[in-house]
Structures are given as structure tokens and as C-alpha cells.
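One chain follows as C-alpha cells, the form predicted alone.
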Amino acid sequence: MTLLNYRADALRCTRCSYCKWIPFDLMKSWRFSKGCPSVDYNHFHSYSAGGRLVTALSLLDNRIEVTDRVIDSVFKCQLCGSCDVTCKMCRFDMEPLSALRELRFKLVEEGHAVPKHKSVMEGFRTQNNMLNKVKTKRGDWADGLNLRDLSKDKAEIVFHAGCRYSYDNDLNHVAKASVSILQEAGVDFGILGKEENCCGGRAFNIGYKKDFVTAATKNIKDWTNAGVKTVVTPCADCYYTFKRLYPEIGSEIKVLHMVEFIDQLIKQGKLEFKNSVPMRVTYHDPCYLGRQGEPYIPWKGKEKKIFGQVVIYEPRKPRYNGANGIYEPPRNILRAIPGLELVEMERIKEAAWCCGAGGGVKEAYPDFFTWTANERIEEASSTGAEAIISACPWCERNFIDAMKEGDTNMKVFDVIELVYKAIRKEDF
């Protein structure tokens, strides 16, 4: 696909501005009714999905040139997918999120990348991670844990920690807790350790499609060589990338997020919560686990029009509208932990507000990512919760960083941390 394939989407957009809000029937108050961080922060239509479709059409028709203002409006967006959900509440013939990604691919291919993204990609190409950390230290988080190394051995299940959990010293205890939980449940698995590769998903989202394909091809090859049939990851970004993007280039490997796997293990009676975790918490749905966490459905068909007017697809086209994301497994886990009280924010599940870290925003636009995170923290605080819980290291890192500059006593935990506390009690 290219941006030209989405020219019809740009023409079909009626500029209704629904992409700027959460679905109307899910609104509970005016205060927490917005859905798009980009347009709410920048206060200009060009920073909405509809506005970017206008930009795409103007570029395709050579009515405008690429300027710094154009680049800013295209890349100052987390690609959180809220616009995609709300657009599809009233339309069935548009794919705004896919169009926005193709717009980024076009600009990057034509040499109009964001400067700070270029430096990130230099680290990606030399060190194979999005944090510009030393490649050989990727597996250090697992030192002393006596885990099976699938670069030398074989197993049907591989635990993929991901870049952030591998290198972030404030968060890599979540990776350690994850493998401890798997061992507690008697799961036979291994890791690739220092040979683990970046999923490539964040490179994809900032416009570097070829680099993504390189990373994906390497991962699929490594998994195949190790006899892997299932990938388990605690990272929402990795989950989305493996679940939705890899099948498009031939991957047939099953993908589970750790919260899905833990939920299954609890239901199978393989995990027992022995300890109370007395805490009032609220859960933040990561964009790439929630509304964008729907399974990939292959489709090869054609668009047709009835009487030259009504668009139809033969065969029926899959509709990714966020409804089938991973929402209940993390909530099932939190409700099962003794002593834990779960209270919900107003914007949840497919209507959740983004943490602010995605789409290259954290790397290139620090003021914007902080503002977006603080908006979510305020919503979490309004519930009376003492901690915000998530299932994504990028969300957790973003909330932690934003709270350092803010005025709040709210804590940040991963679902996996609380599971570990309920099983072992002590911190890792």
C-alpha cells in the first residue's frame, strides 16, 4: 500500500471532527470527552486525523510543498488510534490511521524525517534497539536467573522482554517478575537474551518501514530456528507489532501478552494468590494492547460501488474498530488479587486517553508527551485511586517521568508487579 491508495479516504472525509472526541455514547463528562491529544494540544484542525487527510490530499495533488509546519503537523501525533475508533463509529469505508502511517512513510522516504527521529534510528541500526543502548547488554536483566537461552537451545515458548524492559533499570524488574511467574506456573520457555531483537514497531510508526521489515524478518527467522510456536511479551508495543504487523509479512507464530497468559494460568489453577495487596487502583489501557490490540485478519478483496455511490467490499473487509482489543484479561487479574480495589476512569478501553509516549512523540516533542501524560494522570487522580496500573513499559515510563515534574503522590505499577506481590509478597 502507498499513500495514493488512501486518496479516496481523504476525499471521503466529511470534516465532521468526530475524530477529535471519544465516541459520544461513551462520554461521561465534558472534562474527559476529548479523544485526540494532538488536536487538543495544538488547537488547529491540521493536527487532527481529518486535517492530516487534507494535508495528504494536498501533497498528492501537488497543491502544497513539504514545510516545517507540515512535518510538525504530521509527526506531532502519537498514532494512538483514537481517531480510527471514532471515525469507524459512523463510517465503514475509511482507514484514517493507516492513511496517517502512509503519510509518514512518504515523508521519510522523500527525506523529510524529524531530526530527533534520525538519531533514534541511527541507534536502532547500530545497536538494534530504540533507546540507543549497547546491544550486548540487552540480556543483562536476566543475569543469574538461569533461563534457557534459545540462541543455543530450543523451546516452543519464547519470552520477549522488549527494548524498554530490557534496558530501563527502573522497569526491568517487571521482566524479572514475569519470568518468575512463568516458572511458578511450570511453563517451559526460554529467552533470546542478548540476541533478542527489537520488534521494529516504533520504527514503523515514525515512518521507517524498511527498517521495520528488516527487524521483523530477523525475529521471525530466529524464532523459527529455535522451534518457537508462541511468543509471550509484557510490552504492549511489541504485542501489537507481533500480532498485527508480522502476519502481513508471513509470520504464523502465536502471540500472547503476559496479561493474557497470566489470566489463562489463573483460570487453569496454575497460579495462586497467597498475599493481600491492599490498594485502590485504576487501570490505564495501553493503546497498542487495547484498541490496536485486535488480531490480524487477512483480506484480499476489491472495493466496489453500488450505482456508483455506495461503497461495498467483496468479500467483506475486516473492521478494526477497537472493540476486540485486550481489555478484560488485565481487569480479571486485578479483580482476582486479594485486597485490591479497581476503580475505573471515565475514558477506558477503546475510548482510553493515550499516555503520550507513542508515535515518536516521546523522543521528539517532550512538552507534548508530558502534557498528554498529565492529562491522563489528572483523570486517574479524579477516581480517588492511589496508583495507576498499566501493562506497557512505555506508558509506565511516561507516567513516571511526568510525575517527576508534577504535584502528585500517585504511584505507577505494572499489572505483573502486583501479581508478583500477590504470589511472593516481596518486591523483586
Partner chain sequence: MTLLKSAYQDLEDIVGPDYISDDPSIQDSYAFQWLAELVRPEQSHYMPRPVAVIMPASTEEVQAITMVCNKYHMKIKPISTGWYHWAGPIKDEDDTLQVDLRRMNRILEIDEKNMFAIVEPYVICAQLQAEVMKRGLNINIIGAGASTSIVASACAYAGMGPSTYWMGHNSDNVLGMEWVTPSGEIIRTGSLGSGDGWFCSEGPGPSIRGICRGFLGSRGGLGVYTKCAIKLSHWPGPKEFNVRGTLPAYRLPIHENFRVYTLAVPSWDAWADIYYKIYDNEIGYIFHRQFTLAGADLGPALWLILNDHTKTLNDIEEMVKRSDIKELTEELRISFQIILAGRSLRDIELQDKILDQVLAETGGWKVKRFCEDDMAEFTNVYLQRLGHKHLNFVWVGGYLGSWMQPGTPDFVKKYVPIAIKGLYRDAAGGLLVQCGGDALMGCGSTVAGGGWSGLEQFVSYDPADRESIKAGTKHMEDAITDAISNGIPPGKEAIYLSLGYKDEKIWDTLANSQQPIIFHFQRKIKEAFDPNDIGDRNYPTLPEDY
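Keep in mind it's a predicted model, so treat the numbers as computed, not measured. Positions refer to the first chain, counted from 1.
One more form of this protein, predicted in complex with its partner chain, exists but is not displayed; see below.
Shown alone, this chain has one stretch from 147-155, 311-319, 98-106, 214-222 that lies within 4.5 Å of its partner chain in the model of the complex by heavy atoms: 311-319. Contact annotation for residue 412: none of its heavy atoms lies within 4.5 Å of its partner chain in the model of the complex.
Under a 4.5 angstroms non-hydrogen atom cutoff, its partner chain in the model of the complex lacks residue 406 among its neighbouring residues. Contact between residue 273 and its partner chain in the model of the complex is not found at the 4.5 Å heavy atom cutoff. Of the heavy atoms in residue 64, some are within 4.5 Å of its partner chain in the model of the complex. Taken together, the three residues 11, 26 and 87 all lie with some non-hydrogen atom within 4.5 angstroms of its partner chain in the model of the complex.
A single residue from the set 373, 39, 361, 388 has any heavy atom within 4.5 angstroms of its partner chain in the model of the complex; that residue is 39. Out of the listed residues 264, 230, 180, 324, 324 is the one that sits within 4.5 Å of its partner chain in the model of the complex by at least one heavy atom. Applying a 4.5 Å heavy atom cutoff to its partner chain in the model of the complex picks out 304, 305, 306, 307, 308 from 293-308, in order along the sequence.
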